[in-house]
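Coming up is one lone chain in C-alpha cells, specifically the form predicted alone.
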Amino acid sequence: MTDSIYGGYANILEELRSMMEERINTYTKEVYQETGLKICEHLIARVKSEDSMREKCNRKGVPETPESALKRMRDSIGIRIICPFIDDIYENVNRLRNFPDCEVVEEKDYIRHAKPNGYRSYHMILELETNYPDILGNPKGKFFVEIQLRTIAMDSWAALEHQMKYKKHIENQELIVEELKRCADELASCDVSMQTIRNLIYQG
C-alpha cells in the first residue's frame, strides 16, 4: 500500500479543517444574532485528496513527500466561503484576520482586481499555529489553510469556467471564453446592484 503523502498528519489536517469550519460557523451565527445579516450562505471545507496533492506536487516539480504537501504546497486544507453579498466577503476577511492563532501570509483580491478572463474571488492563505507537532519537528506546529471567498454569482461562474478548463476538445472555445468574460462582467454588475439595494434597505 502506498504511504500517505501527508505522512502521519492526515488526521491532524482533518481535525484542523473541522476546527476552522466550526469557528467560521460560530462567528457567522453571532453576526446574524447581532445584526440579522447572514454573511455566509454556506461553506465547503476539505482536506485535499491524496491523488490531487500528488498531481499538484508533480505539476509543480517538487517531490511527492509529506514536507512538500504540508509546507511547499499551501492548500492541504481548503475552505470556500460563499457569501450573499460583496460586503459580506470583506466582513468575513476581517473576522479571519482577527483569529488569534492565525497569520495571514498571502492575500489576493480578485474582486477589486479581476483576472483577465473575468474570474473574481478573494483568496487568503492563513498559517495556523497549533498544539500539534509539524513535519519540521516544531512542538507547536504550523499548518496552512487556503480560503476562497465568493458571492453566489462568482461561485456559479467559477464552476462553469472550471468545467470548461478541464473538458478537452471543446468546439468554439474562443467564443465560449468571450461569452464567459461577458457573463462575468454582467454578474459583477449585478452583485454591485444587489449590494446597493441591500444598503438602501438597511439604511432605515
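Remember, predicted model here, so these are calculated numbers, not experimental data. In case it trips you up, residue 1 is the first one in the sequence shown, and so on.
Beyond the structure shown, there is the form predicted in complex with a small molecule, which is absent from this document and is the topic of what follows.
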Since the chain is shown here on its own, which stretch among 132-140, 173-181, 155-163, 24-32 would lie within 4.5 Å of the small molecule in the model of the complex, judged by heavy atoms? 155-163
Whether R95, F99 and F144 jointly form a contact site for the small molecule in the model of the complex is the question; each needs a heavy atom within 4.5 Å. no
Heavy atoms within 4.5 Å of the small molecule in the model of the complex: does D75 have any? yes
Is there any non-hydrogen atom of K71 lying within 4.5 Å of the small molecule in the model of the complex? no
The small molecule contact in the model of the complex: H42, any heavy atom under 4.5 Å: no
Does R54 make contact with the small molecule in the model of the complex, using a 4.5 Å heavy atom cut-off? no
